[in-house]
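What follows is one chain in structure tokens, specifically the form predicted alone.
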Amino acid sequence: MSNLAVPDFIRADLDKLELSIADDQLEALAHYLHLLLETNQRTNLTAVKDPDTAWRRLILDSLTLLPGLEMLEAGNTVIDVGTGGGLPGIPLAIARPDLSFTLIDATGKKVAFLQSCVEALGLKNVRPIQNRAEVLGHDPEHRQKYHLATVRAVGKVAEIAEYCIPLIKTGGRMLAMKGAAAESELADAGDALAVLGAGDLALIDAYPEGFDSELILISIVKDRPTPREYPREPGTPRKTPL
């Protein structure tokens, strides 16, 4: 299936995180990572090139979101915004085949790679789409249709909130992967979150003590509909955050 073996440290780390990943899912993750690193030699998908680092920073980091998906039921919908090479969407889709994942990115080459992964891995629960979140946020097929939005390394909290929250159902949630600046970014995003319909907020350390990681997950619950004028025109959330 792939010439990338699953490192022993990944199995050990998953045990420490109390995450249960079946052997066939681990093999699928290895196959995906092989495809990602191989394609990355021709198309820029990730700055990470070392396989061991990729297992930790791409696969394991993505899987730390799994506890945040526990409240989702079979058939629920997840949208991964600015997915790039499929992170965290594809690892989560492998681990949760009962959920339906939509992966969006504006770059055609990245979406073509995602489609090749869907076919190579037989992922029946993944749909890649080439588009911008600011456009899909006004499309009736996508606006306020998803139970969960995930996002990684796309922008500051005020910016990514405008991408994600219009896509989430009232009562749904956004899960953002952030670094050490998460708390200050969240404080700066207060006005944006109030405007977009955000409710309860939480900062969650992705890893327990003993791991060499500053990854923080930001959980934002949507408790009321997003006003019709949001998201604004493509590019505006980045140039002029709320």
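None of these values were measured; they are calculated from a predicted model. Sequential numbering from 1, following the sequence displayed.
Heads up, the form predicted together with S-adenosylmethionine (SAM) isn't pictured, but that's what we're talking about next.
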Check: in the predicted bound form, do L87, A106 and V154 all reach within 4.5 Å of S-adenosylmethionine (SAM) through at least one heavy atom apiece?
Finding: yes
query: Is the gap between T170 and S-adenosylmethionine (SAM) in the predicted bound form 4.5 Å or less for some heavy atom pair?
result: no
Point to revise | Close approach of R132 to S-adenosylmethionine (SAM) in the predicted bound form, 4.5 Å, heavy atom | key: yes
| query | Does at least one non-hydrogen atom of T102 fall within 4.5 angstroms of S-adenosylmethionine (SAM) in the predicted bound form? | reply | no
Interface membership of Y163, S-adenosylmethionine (SAM) in the predicted bound form, 4.5 Å heavy atom rule
yes
Exactly one of P91, G82, G137, P128 comes within 4.5 Å of S-adenosylmethionine (SAM) in the predicted bound form through a heavy atom, and that residue is G82
Which of 120-128, 93-101, 145-153, 67-75 lies within 4.5 Å of S-adenosylmethionine (SAM) in the predicted bound form, heavy atoms considered? The stretch 145-153
When S-adenosylmethionine (SAM) is considered in the predicted bound form, the residues of 218-242 having a heavy atom within 4.5 Å of it are R238
